[in-house]
Ligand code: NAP
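As structure tokens, one chain now follows by itself in the form predicted alone.
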Amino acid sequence: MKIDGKTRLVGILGDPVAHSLSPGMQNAALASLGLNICYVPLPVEPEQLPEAVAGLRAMQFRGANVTIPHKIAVANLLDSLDVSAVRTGAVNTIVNNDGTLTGHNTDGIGFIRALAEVAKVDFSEAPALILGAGGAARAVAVALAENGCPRITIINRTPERANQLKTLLVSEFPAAEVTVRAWEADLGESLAQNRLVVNATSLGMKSNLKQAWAGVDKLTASHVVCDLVYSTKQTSLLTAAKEKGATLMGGTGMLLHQGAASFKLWTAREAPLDVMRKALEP
């Protein structure tokens, strides 16, 4: 990659951000198309977020991705939000058009496209269980409701956030049945009632999964289990699901497809998926 006086920047705002696979993936894509843009990691603590967003404008960044823990808070710092960000109440992509910062959310479409690569899901026949209520969980829940999912159950360690997500869904999709269950509730019962399971928490990386989620043995071959944690190793949730013969989706697929959608927003070019996929290989 050649850096010169005309190089534009994009980046990823997060805390932490050192583990992110996005810089490698996005820079490979940018280089493959000969675009004079460089993607950089931007570690930003929560209290620094307003200054960081102002810095994107001041330094004429083309845009940025946004990751944990900023996806919800950043929405109030931008000039405008597109419909995807309004519906989810979260932003994972910022586009800078001549100093105007617009928030988008490509997580939802990234999830749907990644899921389509591993399973053919009739969403009208696939009630869903979502573990978590943060920015990624919001995007997935909205995407599922948009695609006709009739029932969504939310389990989150902080009940207030789960109920905020329920309120958002009910206001946007009155026909959808949305239920909030306590984190301490019997997970096995929820698994038995929902064919599609999405983990949008960090718990999937922990080895003591069965202690944390008593009831995981209720998974079956008819389940589609998605863990949004991306890792070079299979998460403990996916390992347990594999033992039951369930269809699996790891977080790398969603990372790829949400990143491809962000790439197009910044460059107006179709993302080179094969190049990006290869860059994510361990």
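Bear in mind the structure is a predicted one, so any value in this text is a computation, not a measurement. So that there is no doubt, residue numbering starts at 1 and follows the sequence shown.
The protein also exists as the form predicted together with the named molecule; that form is not presented, and the subsequent description refers to it.
Look at 250-258, 44-52, 57-65, 237-245: in the model of the complex, residues with non-hydrogen atoms within 4.5 angstroms of the named molecule sit in 250-258. Proximity to the named molecule in the model of the complex, defined as a heavy atom within 4.5 Å, holds among 181, 161, 195, 113 only for 161. Only one of the listed residues (97, 124, 202, 80) places a non-hydrogen atom within 4.5 angstroms of the named molecule in the model of the complex, and that residue is 202. The closest non-hydrogen atom of residue 93 lies beyond 4.5 Å of the named molecule in the model of the complex. Although the partner is absent here, residue 144 lies well away from the named molecule in the model of the complex, with no heavy atom inside 4.5 Å. With a 4.5 Å cutoff on heavy atoms, residue 156 counts as touching the named molecule in the model of the complex.
In the model of the complex, the named molecule sits within 4.5 Å of a heavy atom of residue 228. In the model of the complex, the named molecule lies within 4.5 angstroms of at least one heavy atom of each of the following residues of 121-153: 132, 133, 134, 135, 136, 137, in sequence order.
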